[in-house]
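Shown below, as structure tokens, is a lone chain in the form predicted alone; questions about how it binds or moves come after it.
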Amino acid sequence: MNFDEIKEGFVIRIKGANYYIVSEGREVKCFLRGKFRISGDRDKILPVVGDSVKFRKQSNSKSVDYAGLIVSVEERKSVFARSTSFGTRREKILGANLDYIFLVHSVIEPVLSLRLIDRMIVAAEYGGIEPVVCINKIDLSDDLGALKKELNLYVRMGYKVLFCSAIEGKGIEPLRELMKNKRSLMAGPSGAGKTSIISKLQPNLEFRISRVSAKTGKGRHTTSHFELHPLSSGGYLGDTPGIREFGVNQIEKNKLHLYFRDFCNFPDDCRFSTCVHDHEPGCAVKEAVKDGEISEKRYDSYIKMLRNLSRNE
């Protein structure tokens, strides 16, 4: 095959060895130049969904079959990743160059976990992406007022918190407005209703809807891979396989506090510059917790993450 001019685009889908690129409004099927397969750190160099790439277009190709050869991956502006397993810093990149991560959680089925939300927010902050908390299934809530009061701690930190019901169609328009002309990813536990929300946002997207297992209470997620889908209102949206465990082991222990917005005004007042806000005397963060300036639940989430990182080290 002959390849000539260099083109630019971004990855919207990966299937096996095939990379599908959007370039100049057209989808191009590409494969990788050999240098990617022999590089030392494949996980960081191989393209992921959302990556901006340069590719050589196949000469006189009118077919989508192997119409391009990817030659380089541009520097990533943002990354959403989780650690691949307990006890390792190795990360699995879920998407790159995204504007928003919509953290979709449900009131029940599965039960709302603020600690999981905290870990996912930390991963988004670490990767330079704005997280949006989206609570689905509000139609199942016994006390929506109390739920909103509990989630208000994130609003006070400057995060957007949306409440919706995919079944009743509530809260869909604010989601649609935020996603307009942006590249977004939905992530959350299995059964929280990500694909149901997407089907409300754009009904022509052919997603199979996840159902929660009555036996385990955990979702049987039907999305087997992540890809970006164009939205009729502008922008791209992706869905990820349901998350049951979400690690942040890729973050250094002494930097974890940087990704807690509610801590940002206090660490400089700690007695020790190396304070990690756990057992040290004269810790301004712990004092802020005692004074009610930092939520005890948020601090507990921080300590749990911190000690997991300490065990990994």
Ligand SMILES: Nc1nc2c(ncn2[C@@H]2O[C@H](COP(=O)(O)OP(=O)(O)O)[C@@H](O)[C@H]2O)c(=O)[nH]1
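Residue numbers here begin at 1 and follow the sequence given. Predicted, not measured: the structure shown is a model, and the values here were computed from it.
The same protein also exists as the form predicted in complex with the ligand; that form is not shown, yet it is the one meant from here on.
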Of G127, G95, P189, P131, the one that lies within 4.5 Å of the ligand in the predicted complex (heavy atoms): P189
A166, I101, L175, M120 - the one with a heavy atom within 4.5 Å of the ligand in the predicted complex: A166
Per-stretch contact check against the ligand in the predicted complex, the hit in 150-158, 67-75, 230-238, 133-141 (non-hydrogen atom, 4.5 angstroms): 133-141
Heavy atom of Q202 within 4.5 Å of the ligand in the predicted complex: no
Close approach of S184 to the ligand in the predicted complex, 4.5 Å, heavy atom: no
Partner contact for T195 in the predicted complex: the ligand, 4.5 angstroms, heavy atom: yes
